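So this first bit is one chain, no partners, the form predicted alone, shown in structure tokens.
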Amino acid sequence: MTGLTTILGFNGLIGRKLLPLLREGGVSTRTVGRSGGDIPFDWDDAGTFKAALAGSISLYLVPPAMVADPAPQVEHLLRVAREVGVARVVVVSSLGLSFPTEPPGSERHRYEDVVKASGLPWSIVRPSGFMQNFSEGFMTPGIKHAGMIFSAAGAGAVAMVDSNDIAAAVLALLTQPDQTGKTFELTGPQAHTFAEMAAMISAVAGRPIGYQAISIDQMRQRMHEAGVTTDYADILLRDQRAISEGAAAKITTDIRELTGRPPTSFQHFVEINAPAWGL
């Protein structure tokens, strides 16, 4: 599909990888956000929606950060998108929605439901946990300053996914004509426990990196101290419980099928990101 593609979350873990891929492929792009984008956009100001989307053929959509129930805002945005002629939307959701710990009618279910009911051709990606959470996300300070990974996932395993692979999958969905009306679950090629991942990071960091399994309540407190709202923490903690119960070890082939190449292994990820964990 040719024409202008609007990118929400262009400076996020996926967006930072997606934008250069689109531009290298000759896709015309527009970045929108509160600051630094081509056009101002604010989830809390519906008056910014129309100008952000006008003239776009396709839309890459990530929900507002740290909002437990983004469905009302997303529904409004997609209504505007349809009105201005957007013809395709690729939406980032979460693999956690498929876990048995996710209640029917949850916030994440409502989010996907408004996408499917929008009247727009849609594709949804449900990534597993991001590998980049260890190198540039919320787990990085604990690794760098305490030499420790903290999680309430116990001995459960999870097939973490590289955000570069997510971006490549989104690129395929934005540019291939036959992938609408589908949901894709994006995982890495192997499931590892947090203790195993800590050991791999330790080996490349050249210093001890451990794993400390903590309780749900302790994890909730750490999230609170990091500024995570109570409602959003509840969602994240459901996923932690699912990992501890073995529900997150699933491995899919969707990245290979969309991109034509296998997903990045966690071992390769740590080898190329070794400087992230230096002192």
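So that there is no doubt, residue numbering starts at 1 and follows the sequence shown. All values derive from a computational prediction rather than experimental measurement.
We do not show the form predicted in complex with a small molecule, though everything after this point is about it.
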Practice prompt. May I ask you to state whether I14 is within 4.5 Å of the small molecule in the model of the complex, using heavy atom distances?
Written response: yes
Worksheet item: Would F150 sit within 4.5 Å of the small molecule in the model of the complex, counting heavy atoms only?
Response: no
Worksheet item: Should D69 be classed as touching the small molecule in the model of the complex when contacts are defined as heavy atoms within 4.5 Å?
Response: no
Discussion item. In the model of the complex, is there a heavy atom of the small molecule that lies within 4.5 Å of any heavy atom of D44, even though the partner is absent here?
Written reply: yes
Worksheet entry | in the model of the complex, segment of 51-59, 242-250, 32-40, 218-226 with a heavy atom within 4.5 Å of the small molecule | 32-40
Fill in: Selected contact from T101, N164, S94, S123, since only one has a non-hydrogen atom within 4.5 angstroms of the small molecule in the model of the complex
S94
